[in-house]
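One chain is shown next in structure tokens, namely the form predicted on its own.
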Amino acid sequence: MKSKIVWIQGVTCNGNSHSFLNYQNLDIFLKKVEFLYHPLLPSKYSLKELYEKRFDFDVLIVEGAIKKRYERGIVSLYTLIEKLSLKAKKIIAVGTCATFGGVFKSYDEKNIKGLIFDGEEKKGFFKELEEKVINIPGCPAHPEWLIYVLNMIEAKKKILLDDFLRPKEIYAYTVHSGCIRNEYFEWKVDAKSFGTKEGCLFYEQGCQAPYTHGSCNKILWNEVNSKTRVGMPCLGCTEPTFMKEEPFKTKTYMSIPANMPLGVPKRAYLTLTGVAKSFKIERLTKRLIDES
């Protein structure tokens, strides 16, 4: 029997829906599931019928931030989620807005939150649903992250979660893991601008990869790329602190990062930095591809 899914949207830009539709094997996946409602795909029910009819389903997917007095169909978004959450066996908050409030929260901090979390605090509108909820943050979330979770739910396999209810299989890494610029990071060779292949984007371009949980450099976007691979700093979009006021700047004190990379003691970092900077690795100071 196919898994039955209801996908509803709160305050959103549609980014996670579009990311999902970009999944490479979407045609195969759609043969395994039935969307009772999806804002962009052919659906069995309308939003009005979602609220009025009685039916059972397996997974409720919520995209977008939650605002109590935000109309969806004939009722408020809050009322719609309240009713559907009783029927769903599992609930997935997809995207950083649904998980932490995201970018929309900055417009109305008091009234816009995530399902379980309000930023870093467990003060979302539906914190009583914690046992059912799995968070998949990202702006947008990678489609394969969502497919992984849906497949695990269908197979009735246990999904280990971290403190922010994120699957550890996806978010136990930092985006720094697998970055092809790691050698530049280790030897403290800086990138001087966006869009180049050479240098680390952490020191002068504000890259958040050493602080950000996600597998963007392990499960590549469109199977070929990531932000850091094309010379764009990681913006830390899977974290509850997203988005920073100055996204392209790493805060420093006397040229030392104000915050150490996750899990790195300050003394060890300073020692390694001092040693690394004493070496000049000629290979790392040249262009990778000579255009002359």
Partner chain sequence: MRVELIEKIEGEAKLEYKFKENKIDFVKIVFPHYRGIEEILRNRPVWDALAINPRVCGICGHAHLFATVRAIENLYQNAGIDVNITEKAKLIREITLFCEHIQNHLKWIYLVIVPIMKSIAKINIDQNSFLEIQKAIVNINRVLAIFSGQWPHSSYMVPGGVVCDPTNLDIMQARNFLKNALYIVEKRVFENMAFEEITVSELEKSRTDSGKIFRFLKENSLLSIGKANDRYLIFGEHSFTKRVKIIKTVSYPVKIKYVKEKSQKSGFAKNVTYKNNYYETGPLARMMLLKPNLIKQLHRVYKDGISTRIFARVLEILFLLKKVEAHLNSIELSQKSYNHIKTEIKEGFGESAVEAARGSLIHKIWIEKNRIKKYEIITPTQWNLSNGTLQNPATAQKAMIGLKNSKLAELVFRTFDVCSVCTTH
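Because the structure is predicted, anything quoted here is derived from the model rather than measured. Residue numbers count along the first chain shown, from 1.
The same protein also has a form predicted together with its partner chain, omitted here; what follows describes it.
Query raised in the report: Does at least one non-hydrogen atom of K32 fall within 4.5 angstroms of its partner chain in the predicted bound form?
Result: Because no heavy atom of K32 falls inside 4.5 Å of its partner chain in the predicted bound form, the answer is no.
Requested in this report: Find out whether any non-hydrogen atom of C13 is located within 4.5 angstroms of its partner chain in the predicted bound form, and reply yes or no.
Outcome: Result yes; C13 sits at the interface with its partner chain in the predicted bound form.
Query raised in the report: Looking in the predicted bound form, any heavy atom of L235 within 4.5 Å of its partner chain?
Result: The answer is yes: L235 has a heavy atom within 4.5 Å of its partner chain.
Query raised in the report: Does its partner chain come within 4.5 Å of any heavy atom of F57 in the predicted bound form?
Result: Although its partner chain is absent here, F57 would stay clear of it in the predicted bound form, with no heavy atoms inside 4.5 Å.
Report task. Using a 4.5 Å heavy atom cut-off, indicate which stretch of 193-201, 83-91, 117-125, 153-161 touches its partner chain in the predicted bound form. Result -> Looking at the partner contacts, the answer comes out as 193-201.
Query raised in the report: Would its partner chain in the predicted bound form be within 4.5 angstroms of a non-hydrogen atom of every residue among Y23, F104 and E246?
Result: Result yes, every residue of the spot touches its partner chain.
Report task. Taking only heavy atoms into account, state which residues of 189-227 are within 4.5 Å of its partner chain in the predicted bound form, ordered by sequence. Result -> Counting only heavy atoms within 4.5 Å of its partner chain in the predicted bound form, the contacting residues of 189-227 are S193, F194, G195, T196, K197, W221, N222, E223, V224, N225, S226, K227.
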